[in-house]
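As structure tokens, one chain now follows by itself in the form predicted alone.
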């Protein structure tokens, strides 16, 4: 009786104020974000900031969205969180790490009325294969962006810095750069190759040494790897890793640094590139809130503002912004293609024994120009390249699926132990 009376009083009061009855109830939950790490990781912070901004832009209140952090890739934690959100009535759940994918697919199969979205994954590619017996459910989606364009622009800035440091007649020793990579995966290889090609467009004789940490987030390992590269002759260091390890090593050794997913106030900071996830999150939220279909495999670009470069740091060379504006416009128009096979060779690719290089699928001419490459686009877990990714002299990165698949070690890049 008390409950009925309370409802009657609420209705009467709101009717007097001209407010809808919906306001009597707590707002329904809409979206949840599952993160591998917290704000201490530049990678996860990038997602967290974009998710909050998108929720605010779509008019969601703080009780309509939830963010959970430090959810490991191993075990069932991700599945359990995703299932809890589905049970609680959330319309869409997003996970930010590749290793979360299997658990997100598991949840999607169990909760058909909830949308499950995932960054950097390849599960949606199975829908390209009509014969796939393990096709992912319709309510599971992958998303990524053509970050290689941002990496290329960051490389242009790095090349201009080298010229400022050593002049137009830069020697081979002076044109040596370093790169700290997390893992020997396509996402990392595609990133450092596009960055290298950006530098090469300014400094044709540049060479790059790469050292892996075999971890997405290990500040000590990332700093030590950067120091090892500096000791090996690197005059500028960049990386694909999620802590401040590399920028700190550069600061302490007075070496210019190109960052990823973050900015630095240090005098050694040149520029950073990042994926801006806000456009995708707004699109995802709009679809979920209005019962519209979400793309199975979504790719953001420079044109959608999904790929960004930061403001220039204190170490950037004079004239850098004007050059970046010029190159960015040409990337958007298509005049510049990052993976134009005329701009690199793969003579030594067959010598690389990495499980991810798939060198046996390379076809090249007598000069080492890439003619064809069977990439593992449909990720059926067999590590077999089934799709030629080279069309009209261009490696078509991110056009056949959102997750990167360029995993060739091109000439000029050396992996060090």
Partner chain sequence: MVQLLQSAIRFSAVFLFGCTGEILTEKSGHLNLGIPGIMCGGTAGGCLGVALYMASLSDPSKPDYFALVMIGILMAFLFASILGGIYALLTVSLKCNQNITGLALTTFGTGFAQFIMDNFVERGNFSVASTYIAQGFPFAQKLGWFGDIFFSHGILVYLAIIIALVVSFFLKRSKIGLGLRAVGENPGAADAVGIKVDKYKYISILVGSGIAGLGGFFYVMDYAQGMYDSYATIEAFGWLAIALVIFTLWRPNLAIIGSIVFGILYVLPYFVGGDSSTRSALIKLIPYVVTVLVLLVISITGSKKAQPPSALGLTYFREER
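Here the structure is a predicted model, which means the values were calculated and not measured. Numbering follows the first chain given and starts at 1.
Below, we turn to the form predicted together with the partner chain, even though it does not appear here.
Not one of 148, 151 and 311 comes within 4.5 Å of the partner chain in the predicted complex, counting any heavy atom. Of the candidate stretches 275-283, 226-234, 151-159, 294-302, only 226-234 has residues with heavy atoms within 4.5 Å of the partner chain in the predicted complex. For the residues 174, 218, 340, 135, the 4.5 Å heavy atom test against the partner chain in the predicted complex is passed only by 218. Checked against the partner chain in the predicted complex, the residues 191, 178, 198, 247 give one hit for a heavy atom within 4.5 Å, which is 247. With a 4.5 Å cutoff on heavy atoms, residue 240 does not count as touching the partner chain in the predicted complex; it lies far away. At the 4.5 Å threshold, heavy atoms of residue 251 reach the partner chain in the predicted complex. With a 4.5 Å cutoff on heavy atoms, residue 184 counts as touching the partner chain in the predicted complex. At a distance threshold of 4.5 angstroms between non-hydrogen atoms, residue 306 is out of contact with the partner chain in the predicted complex.
Contact residues in stretch 185-213 (any heavy atom within 4.5 Å of the partner chain, taken in the predicted complex) are 211, 213.
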